[in-house]
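One chain follows as structure tokens, the form predicted alone.
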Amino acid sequence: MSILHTSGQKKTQQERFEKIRTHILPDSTQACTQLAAEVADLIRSRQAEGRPVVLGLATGSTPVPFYRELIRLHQTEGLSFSNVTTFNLDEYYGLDRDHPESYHRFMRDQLFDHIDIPDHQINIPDGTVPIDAVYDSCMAYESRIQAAGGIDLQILGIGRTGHIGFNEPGSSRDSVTRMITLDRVTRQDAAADFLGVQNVPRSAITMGVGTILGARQIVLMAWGDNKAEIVRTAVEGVQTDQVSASFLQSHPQSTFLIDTAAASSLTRRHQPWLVGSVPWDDVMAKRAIAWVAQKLRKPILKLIDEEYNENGLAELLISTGRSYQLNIRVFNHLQRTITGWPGGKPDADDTHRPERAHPYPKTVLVLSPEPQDAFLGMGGTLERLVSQGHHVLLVCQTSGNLRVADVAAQKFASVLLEMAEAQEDSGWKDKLHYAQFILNEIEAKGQFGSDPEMVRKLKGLILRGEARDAAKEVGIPAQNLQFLDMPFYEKGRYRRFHLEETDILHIQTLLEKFHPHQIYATGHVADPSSVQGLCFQAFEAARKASATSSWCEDCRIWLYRGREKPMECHEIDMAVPMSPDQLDQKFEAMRKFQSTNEDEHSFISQNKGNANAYDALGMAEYEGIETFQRMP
């Protein structure tokens, strides 16, 4: 199925709610490989004709695998970019071109420095021009696009607000290149890149929606479950200036290229019974009945035949029986996901329990991509596992030092400096020099600079201390907390990570050492270029490498959500309820991470939201619930 040539392709019955051609591939690697191959064909065909190709390019983590595949095609298959002219979508205003988070620097690092494109054929908006020259600079950018013959293919990502480029809510369909004030959500999403939201620029230069729509072909890419809702809004919703990506519906050659996680909210994936016949197994029935109950805001056991018929579920009734039997079956299934024994209840009948009773106690391995993730996603469950006698090893896969704010390092160094200065003992001289060195390094790098190695190490140690305090809060002793410091993270920055074989080996060595009965992991639906996504990929590769080991046969893997979108009821295989006291205990554990400015309240509200969803379906009422999905 071609991505770039869509004019002759008709929509299927399953796609009938979609107003933009949407291709779903299993993962970003396959999607980017196919797109890069088609772009390469376009470049080569134009070279054979002696004609140029004009590409519009995007930044952020989304297009990174696409750029890496283009680099591979250049380096291993001889693809030349000598006839390619590029125009980037946007640039932060006020950042020097060499700033590590400027889009000039990003494009150099991720693409331009690795291919043979001539410098004069690269165009990126100038975020350094004086404020009174911004308008003229933007108009000159528009003129350069027109002088190049217009954009042949525009590559896009999509933000959580639905923006393309930096066309935030309120951007009109005919807007052109201009300066724009960044939305609060956009700045929050960039906070990790800039070591704090306070460091994220408030303005940017961006191509307008009208400029983007002027491209002859457009491909928007999206990866991960967190993009699923906004993808559905853009593809199936109404055109509105509150979601600038929705304007792509009016472009005859626009395509969304997404992975299965980003496609999960589309009607054909989320409610497939509305667009065609489906296999009505237990999984599909649970999904459909939970959906209609939530839509009607009724408990499952109160649904009636007419409500099935009125909501597209007549086929389910015909194929499996009356609503009464269906309601009871699905109600029982959901009810059995609830357990206060996440490690299994010893010597109990486990026929209908999520986790088996034996062996007891179990060796439980909990993988946390960044130190906070496990506490955010399963802090209450950690306490349950420990208090019920299991051997719990919590493994922080990365140091998380990129999330630590400068002020935390400055505070530590300042206290140490004062202590050293107050001592007459000459043995404190080294500590005095160290504290002064840290403070000088932070001041020298400035608000937007990259952390020097010693500063980054200090930040990692600060986060280790906070992780130990949080672990203690849920009953995990310090000796059961391990830090892997995976190399891909220690060598990289957000959006610039490269997973290596040594990263996988770290996880494999861990698995072979502890032979766990349970593994808790996250990142399976995350952006594949994120820390969480890469850590899960490393785990998956390590697990496959250990697949023939005898311990694997007796090991169950439970997936939790940390920073990703919460699980829906039909996805949940184990729901661990929390009392008010347990929720307070989790909150206290999360509060230990003072150096990273985590919003503890948002994650507590997610746990309460899970409980409310179960309550609305007719289950018992709890203060909070942590949710898990069993990995096949």
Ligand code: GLP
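Predicted model, so just to flag it, every value in this text is computed and none were measured. Don't overthink the numbering: it's just position in the shown sequence, from 1.
Missing here is the form predicted together with the named molecule; even so, the following discussion is about that form.
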Using a 4.5 Å heavy atom cut-off, which of 41 to 49, 602 to 610, 576 to 584, 57 to 65 contacts the named molecule in the model of the complex? 57 to 65
The one residue among T186, S264, S102, Q518 placing a heavy atom within 4.5 Å of the named molecule in the model of the complex is T186
Which residue, G224, G159, G400, G343, is the contact with the named molecule in the model of the complex, using a 4.5 Å heavy atom cutoff? G159
Would you check, heavy atoms only and a 4.5 Å threshold, whether R178 touches the named molecule in the model of the complex? no
In the model of the complex, K362 touching the named molecule (heavy atom, 4.5 Å): no
4.5 Å heavy atom contact, G165 and the named molecule in the model of the complex: yes
At the 4.5 Å heavy atom threshold, is R232 in contact with the named molecule in the model of the complex? no
